[in-house]
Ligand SMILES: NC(=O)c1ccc[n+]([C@@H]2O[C@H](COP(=O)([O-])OP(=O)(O)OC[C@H]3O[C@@H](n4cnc5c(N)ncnc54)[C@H](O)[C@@H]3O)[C@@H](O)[C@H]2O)c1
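One chain comes next, on its own, written as structure tokens: the form predicted alone.
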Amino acid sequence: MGNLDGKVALVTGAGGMRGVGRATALKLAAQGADLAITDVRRDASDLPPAEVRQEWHSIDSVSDEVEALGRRCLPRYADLGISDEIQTLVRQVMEHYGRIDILINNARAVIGRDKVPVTDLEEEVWHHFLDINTTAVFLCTKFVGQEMVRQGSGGRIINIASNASKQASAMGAAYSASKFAVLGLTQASALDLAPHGITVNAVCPGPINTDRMSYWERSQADAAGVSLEEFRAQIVEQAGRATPLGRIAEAEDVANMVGFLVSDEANFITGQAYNVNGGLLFH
């Protein structure tokens, strides 16, 4: 079916209807991989309106799509802010499939409450962003990496970072700090795991046209008296005009880079951080 036949991929943060996790899971399935996917359970108030309207069921809906492509899929809900839940997740995947060949660290904290000057940033919010965007990536890499080393057949780890991993912006201290750290973790992990044939790389998207939840966008939409979807459409249009290629990324643009980095064609690439931003940032 594809160059990932016989491989098992674990994708975190995979439940969004228009998210990078879902697009990546479908991309890897199309390349022949079987999937394990995870996300945190969210209240309806923390879901994009379109998901509520269309009765989208997070990773359960994505699992159905993967299986429709003829691949196996194991959906498991987990809070990646809790170390024990990460260990349980990895154990469940190993019990189900007997191996993990690919790890995609895609989950991230819901943005918005961090969008304040650093002098106003709540310590609780700071810790939440580090827990989900950085520590969870470390723990997933640690526990899955241990299994890959034991398997002795190499592996691929891809961390979804951000333009904010390379260039910070005002009112982005927590997000940028957490994502800058991901690049350091990517490089160090690449060196540690290279003797085992495991490559570790990062993908750094700019703005992406997803329906991801943003508390900041919701509050701005309320203040402007428009729906969240209308406000989001304005943001997408403005960001597209500011991008050299004339649009912001779609989730599939990011998934395509991931698909390359997990393929045999990328077996001599490790410790790198690839921009997918339409020319917004060269670094």
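Quick caveat: nothing in here was measured; it's all calculated off a predicted structure. Numbering starts at 1 and runs along the sequence shown.
What comes next is about the form predicted together with the ligand, which is not displayed.
Partner contact region in the model of the complex: 76 to 84, out of 115 to 123, 192 to 200, 93 to 101, 76 to 84, criterion any non-hydrogen atom within 4.5 Å of the ligand. Residue contact with the ligand in the model of the complex: R42 places a heavy atom within 4.5 Å of it. The closest non-hydrogen atom of P207 lies within 4.5 Å of the ligand in the model of the complex.
In the model of the complex, R71 stays away from the ligand, with no heavy atom inside 4.5 Å.
Taking non-hydrogen atoms only, A9 never approaches the ligand to within 4.5 angstroms in the model of the complex.
In summary, among the residues A181, L139, M171, I132, the only one with a non-hydrogen atom within 4.5 Å of the ligand in the model of the complex is I132. For the residues A177, V110, V149, L185, the 4.5 Å heavy atom test against the ligand in the model of the complex is passed only by V110. Annotation for 129 to 161: interface residues with the ligand in the model of the complex are I132, I160, A161 [heavy atom within 4.5 Å].
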